[in-house]
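Just the one chain here, laid out as structure tokens, in the form predicted on its own.
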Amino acid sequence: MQTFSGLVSILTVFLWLGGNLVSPLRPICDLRVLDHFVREARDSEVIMRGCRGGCGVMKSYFVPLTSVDFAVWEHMDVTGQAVEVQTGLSLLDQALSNAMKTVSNSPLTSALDNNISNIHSLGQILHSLDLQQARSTVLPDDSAPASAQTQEVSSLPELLQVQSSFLRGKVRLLLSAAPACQRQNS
């Protein structure tokens, strides 16, 4: 009898929740989330400028181009835009992870770790917008030759500046025009 009442209790909870436990991932279209990530990227730049020791070694990193040719971008389909953004996020993740290995300054390490987490969160946001089917192509490591969509930077401050610009530029453009967000706003 206890088993039956326990089962009824569990079923009641499921009914009360309305079956939301198995609902698909809802799109995240609020650009304030991105604005938060941009602020944290800028905070990392400030921490880097104030860093006096253990701030990493001078090293080259391949990062995405941040400039946007609006005529080309607007004629690109959303899948192409998503591939470009996903590839850029992967490059930034790779570069930030490699940079973090050279840093011993605790506040800077913490800021870089937070930036990497934010990059992963942006990947999840893209996934929620059904843009994940647009798989990125990532260079195997920082010693790989640059492609037409990458640039090489030679310091951590440059890397952090590129991250901030990329988030404010291409990522914002993609998220603000994502079809799932357009349907949600209708």
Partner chain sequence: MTKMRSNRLKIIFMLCLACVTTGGQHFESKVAQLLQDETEHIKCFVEGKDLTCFWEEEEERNHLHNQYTFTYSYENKNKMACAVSSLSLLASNKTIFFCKLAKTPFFTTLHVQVHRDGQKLYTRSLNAENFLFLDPPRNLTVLSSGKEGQLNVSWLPPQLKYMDDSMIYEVRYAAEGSDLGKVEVIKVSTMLVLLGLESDTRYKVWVRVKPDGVAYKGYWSAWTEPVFGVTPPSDVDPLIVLLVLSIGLILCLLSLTVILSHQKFLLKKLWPDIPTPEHKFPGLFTVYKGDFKEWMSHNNGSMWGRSVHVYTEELPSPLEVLSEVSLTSHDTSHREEVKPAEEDEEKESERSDSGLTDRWPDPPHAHWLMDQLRALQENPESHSQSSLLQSHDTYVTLNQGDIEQQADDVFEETLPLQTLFSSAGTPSLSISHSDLGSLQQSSGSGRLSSQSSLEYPNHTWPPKGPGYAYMAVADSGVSMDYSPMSSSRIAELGRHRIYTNDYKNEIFPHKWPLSGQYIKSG
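Predicted model only: the values in this text are computed from it and were never measured. Positions refer to the first chain, counted from 1.
Omitted from view is the form predicted in complex with its partner chain, to which the following refers.
Colleague: Would you please decide whether L65 lies within 4.5 angstroms of its partner chain in the predicted bound form, comparing each non-hydrogen atom pair?
Modeller: Although its partner chain is absent here, L65 would touch it in the predicted bound form, with heavy atoms inside 4.5 Å.
Colleague: Using the partner position in the predicted bound form, report whether Q151 sits within 4.5 Å of its partner chain, counting heavy atoms only.
Modeller: Q151 belongs to the contact set for its partner chain.
Colleague: Are any of the heavy atoms in V46 no more than 4.5 Å from a heavy atom of its partner chain in the predicted bound form?
Modeller: Because no heavy atom of V46 falls inside 4.5 Å of its partner chain in the predicted bound form, the answer is no.
Colleague: Under a 4.5 Å heavy atom criterion, is R39 part of the interface with its partner chain in the predicted bound form?
Modeller: Yes, contact at 4.5 Å.
Colleague: Check, residue by residue, if V83, Q86 and H120 all come within 4.5 Å of its partner chain in the predicted bound form, counting heavy atoms only.
Modeller: Looking in the predicted bound form, the three residues V83, Q86 and H120 all stay beyond 4.5 Å of its partner chain (heavy atoms).
Colleague: Judged by heavy atom distances of 4.5 Å or less, which residues of 152-172 approach its partner chain in the predicted bound form?
Modeller: Residues within 4.5 Å: E152, Q161, S165, R168, G169, R172.
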